[in-house]
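There is one chain below, alone, in structure tokens, taken in the form predicted alone.
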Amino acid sequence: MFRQASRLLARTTTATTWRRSRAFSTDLPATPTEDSTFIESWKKVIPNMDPPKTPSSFMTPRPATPSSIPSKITVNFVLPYASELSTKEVDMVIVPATTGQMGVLPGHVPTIAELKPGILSVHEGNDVTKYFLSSGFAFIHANSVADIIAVEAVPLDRIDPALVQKGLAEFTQRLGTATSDLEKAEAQIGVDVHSALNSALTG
């Protein structure tokens, strides 16, 4: 029993030391480095065969973090079938994160945000371009680059308010008469999306 306790204690201490010694992502080098421990272990077991490539071998160098905050944020906005914005320099973007509307300015802290149905606003001087997104993710990098990936998106000015109201009424009725869990889930998704569309148009 005491032997087991001592082994567990040693294992816990080693794990704690390893966690404390791990570097933060911002401390890691911008260029990929070889895993020397893995290569040494591989050569001991199979000395006649070259070690396989690890995922880090195929990664492009991480962009260097600028020493000063730039005046613009670079935005890439892509859909599965199109690229809406590519390396577009703007003043600010506001994304519909699941935690709420999130404004992104140059120098924003690195963040990954899940997106919900709502408005993506792209601010460039006095011009504001708005898109309605269905869902997706936003990746905010330390070098003031924002990658926004959406499943579906459409410019807000191309949405017909009458069709939105009609769809909201239909899905609300379907939700009230749904009997199975599948029907309820499908109707609830329709209500959520059309409610977000309606709020975007009336707000």
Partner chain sequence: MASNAAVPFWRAAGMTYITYSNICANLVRNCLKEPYKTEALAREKVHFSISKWTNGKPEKPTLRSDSPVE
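Because the structure is predicted, anything quoted here is derived from the model rather than measured. Positions refer to the first chain, counted from 1.
Same protein, other form: the form predicted together with the partner chain, not shown, and the subject of what follows.
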Partner absent here, but in the predicted complex, which of 36-44, 66-74, 157-165, 139-147 has residues with a heavy atom within 4.5 Å of the partner chain? 157-165
Answer with yes or no whether residue 152 is in contact with the partner chain in the predicted complex, where contact means some heavy atom within 4.5 Å. yes
Touches the partner chain in the predicted complex: residue 114 (any heavy atom, 4.5 Å): yes
Flag residue 131 as yes or no: does it have a non-hydrogen atom within 4.5 angstroms of any non-hydrogen atom of the partner chain in the predicted complex? no
Pick out the residues of 155-193 whose heavy atoms come within 4.5 Å of the partner chain in the predicted complex. 157, 158, 159, 160, 163, 164, 171, 181, 182, 185, 186, 188, 189, 190, 192, 193
